[in-house]
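Just one chain is shown here, as structure tokens, and it is the form predicted on its own.
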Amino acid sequence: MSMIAAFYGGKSILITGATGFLGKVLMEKLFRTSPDLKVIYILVRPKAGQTLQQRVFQILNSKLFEKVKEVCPNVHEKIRAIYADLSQNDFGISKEDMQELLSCTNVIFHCAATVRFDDTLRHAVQLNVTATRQLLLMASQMPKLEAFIHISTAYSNCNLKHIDEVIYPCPVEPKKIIDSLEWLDDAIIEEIAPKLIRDWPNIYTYTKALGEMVVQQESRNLNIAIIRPSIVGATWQEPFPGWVDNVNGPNGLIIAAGKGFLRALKATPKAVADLIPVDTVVNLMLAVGWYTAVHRPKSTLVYHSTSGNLNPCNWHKMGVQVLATFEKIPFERAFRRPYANFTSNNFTSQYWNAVSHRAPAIIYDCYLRLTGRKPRMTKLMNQILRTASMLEYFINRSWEWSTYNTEMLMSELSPEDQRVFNFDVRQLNWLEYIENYVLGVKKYLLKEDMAGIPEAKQHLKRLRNIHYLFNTALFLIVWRLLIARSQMARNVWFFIVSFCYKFLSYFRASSTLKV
């Protein structure tokens, strides 16, 4: 019997960010392994004209929850959606709902955050810092609360090379920043933002570091733990391989490369691609929730959910496997054949961006204009390049994350819990995982039919032939111009032709003598 699964039985659990990628997988695992849990409270706000109930219905009717319905048929009854807006005081929760949360909640998983790298400082502080502070205040008023699990990021201290499982201080107190944002106008905030974030690469990582400080300062007597995942990717094993539902991070790059839009990345090929499967992160979260509630550590423990120190895979190896998968299971309606080039040179990167990316997009938009359609390719290409530019910092560096607490927790689990809640990334086969990842993007994100693979392969073959024909024609045109204008080029050409003729003559004579 799993001790962790039994722990969550009969519990009332509050999840923030439940409608996000990580939150959905967390809910699925909880319902599948602990179907007798009492209730999961999720903080939701209406979106795109959908009510709270419609949003919950949409989540539960996705493929992700197919197995859950077999073991927990009444899953709809066990989700309690509560209206909330994390940008408002007290989250805008009604008095009745607030009273229920305060009196019933046993475990909190705080997953909600803005993950936009280019977000405004005001908005990022509100969601990643102030909201965390408000949630901790709520938690301090919950008499039945057993554990508060805060989800941060392994890159919250990416201004350091080696990162331990400790909370690092920030140059400015979070409270001072929160207070100052209340009276400063947006123009001043945006002006001082670069000075505040200093050597952090973006607003997201900086505000997540502030959020950790808030957890440390506002923890009071709560049982709290912090989990720092690195780049969260598609599912590894559960509930099935390759599930993904958003275009963030590597998912967008895979789509852009598979469709032929993204042809080059400014990257360090040997840098470690610290990708971590989402189900691995969820298993660690549930194990940490159990351990924090049952063993009640004296201090706030930090757990790293990373792969680079235990089972490293570099960007070059990952890119090669992605391209190999494209050959076997190509994406439909590709713009150009999938291709990737890694370069760490600024000039070369700019050259590739101009020639390999924007030029074909501009040509294609001209074709669309001539045929009376709206041009869209240049705009799409600019968005892809902007995303790739924001990720450059992370694909050109490697970090060392210690995992003492994570390994300690693994040793505390029973053999059954190590199996059911497996977060040992050393068992991960990268080649198999990446292939399933690309397949998952195709099936679950792009909604492409697997029956269309033969046609996609024919399309890919045509693109390859066009590519070779274009390059050959371009080479011949350039070479013909050189021969017409340069005596040296003519001499080189005649030397090559003469050498080839002599080699063939020698080969033919040698064959005749042997006969």
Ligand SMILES: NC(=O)C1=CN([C@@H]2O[C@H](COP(=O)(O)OP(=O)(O)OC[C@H]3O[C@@H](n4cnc5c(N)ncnc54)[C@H](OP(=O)(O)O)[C@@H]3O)[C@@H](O)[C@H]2O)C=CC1
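These figures come from a predicted structure and were not determined experimentally. Counting begins at 1, following the sequence as shown.
As for the form predicted together with this ligand, it is not shown, yet the points below apply to it.
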Quiz item: Hey, with this ligand in the predicted bound form, do Leu22, Ser87 and Asn248 all fall inside the 4.5 Å heavy atom range?
Solution: yes
Quiz item: Residues in which of 66-74, 447-455, 486-494, 40-48 have heavy atoms within 4.5 Å of this ligand in the predicted bound form?
Solution: 40-48
Quiz prompt | Residue among Ile224, Met381, Ala113, Val441 with a heavy atom within 4.5 Å of this ligand in the predicted bound form | solution = Ala113
Quiz prompt | Among the candidates Ile151, Leu301, Leu284, Ile203, the residue which, in the predicted bound form, approaches this ligand to within 4.5 Å (heavy atoms) | solution = Ile151
Practice problem: Would you please decide whether Ile13 lies within 4.5 angstroms of this ligand in the predicted bound form, comparing each non-hydrogen atom pair? | Solution: no
Quiz item: Is Arg55 close to this ligand in the predicted bound form, meaning a heavy atom pair under 4.5 Å apart or at it?
Solution: yes
Practice problem: Please check if Ser230 has a heavy atom lying within 4.5 Å of any heavy atom of this ligand in the predicted bound form. | Solution: yes
Quiz item: Is Leu127 one of the residues lying within 4.5 Å of this ligand in the predicted bound form, judged by heavy atom distances?
Solution: yes
